[in-house]
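The chain below stands alone, shown as structure tokens; this is the form predicted on its own.
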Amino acid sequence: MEIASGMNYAPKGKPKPVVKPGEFVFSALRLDHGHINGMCNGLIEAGATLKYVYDRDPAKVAAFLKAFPQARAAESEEQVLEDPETHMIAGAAVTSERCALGLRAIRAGKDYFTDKAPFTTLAQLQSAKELVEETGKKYMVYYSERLHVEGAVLAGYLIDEGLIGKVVQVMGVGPHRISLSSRPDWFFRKEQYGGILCDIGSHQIEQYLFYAGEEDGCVTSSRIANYGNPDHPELDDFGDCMITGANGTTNYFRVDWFTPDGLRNWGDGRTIILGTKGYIEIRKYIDIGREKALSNQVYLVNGDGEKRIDATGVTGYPFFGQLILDSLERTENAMTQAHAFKAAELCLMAQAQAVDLTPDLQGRK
């Protein structure tokens, strides 16, 4: 796993198959974001069989086949969509094109598993809702900062055990390294990437809804800015947001592209979950100041005292096995469709309502 760039974050765990080879077949379409590797890793470790890959860029396909030599390069998207063996399409298209790909996949009779953010407009979200309602197919989302981080998985278990009481607030920070030279052109076009609160903010909102047990909420405040990248005026390099849940819990998060070069990985992502009887802090990717750059460190404080738990190798990544079984059995144990869509809706609303704090530098407003 490349720790320098969040774009290529693709953790590997211990295989824990829930199906036998060939019982659940998926194929990969559109390789515009490196998260496709993490998505495929997770499914394969849970027993899925990867059949086809297709992208319009042969270089992307060649790199994918190097990582996943078991896949076959398809001649076209249509060949993949029409394949009767493929249960699910995994895709990491340009953000603004993810919905259209998902609609094609669902109309072809497949479940769809997309990288976050799943939409860039509320109209896209509505079209997906309508098609899912009509067909019963799944439109699932790779919210990797909870689903593919063992510390985040463990925190959910600790909450379920009642160790911090009732959750009342979730705070998160999601700094990322910008790695300008490696970013494609679409990364800097707001119409295509959706804005920072739509993009990496989607991780934070999904986690809040999950940990707080909220099914709905209201964006009470959101802000964006371009503080440090005047050469890319459509880039938001900072964003923050406040949400009040339908049950009265609260959320605050900050996301940014300001990870300093001296940090040993791509971002010091953290989540703090406050309960009525204690709190949890997840230091997801690094616990700064230690000789070893430990990830998956979970800090628990409650009436019994203080604990630091290293979650590495403890929980695995159960989402992927649950997703496979959900697809085969038409259940909703990995993530409900309503949850996936609500997280997407709130991040779109946060982006749309955001106050732009960008200073008036070099004639910009």
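The first residue of the sequence shown is number 1, and the count goes up from there. Quantities reported herein were computed from a predicted structural model and do not represent experimental measurements.
Keep in mind that the form predicted together with a further copy of the same chain is not shown, yet the notes after this line are about it.
- If you check a further copy of the same chain in the model of the complex, you find no heavy atom from any of F68, T86 and V94 within 4.5 Å.
- Comparing 151-159, 243-251, 101-109, 184-192 against a further copy of the same chain in the model of the complex, the single stretch with non-hydrogen atoms within 4.5 angstroms of it is 243-251.
- Not displayed here, a further copy of the same chain is approached by G278 to within 4.5 Å at the level of heavy atoms in the model of the complex.
- Among residues of the shown chain, G313 is not one whose heavy atoms approach a further copy of the same chain to within 4.5 Å in the model of the complex.
- a further copy of the same chain in the model of the complex is not approached by V25, whose heavy atoms all lie more than 4.5 angstroms from it.
- In the model of the complex, I272 approaches a further copy of the same chain with a heavy atom inside 4.5 Å.
- None of A73, L131, V168, L180 but one reaches within 4.5 angstroms of a further copy of the same chain in the model of the complex through a heavy atom, and that residue is V168.
- Residues of 253-291 that come within 4.5 Å of a further copy of the same chain in the model of the complex, judged by any heavy atom, are R254, D256, F258, P260, D261, G262, L263, R264, D268, R270, I272, L274, G275, T276, K277, G278, Y279, E281, R283, I286, D287, I288, G289, R290 in sequence order.
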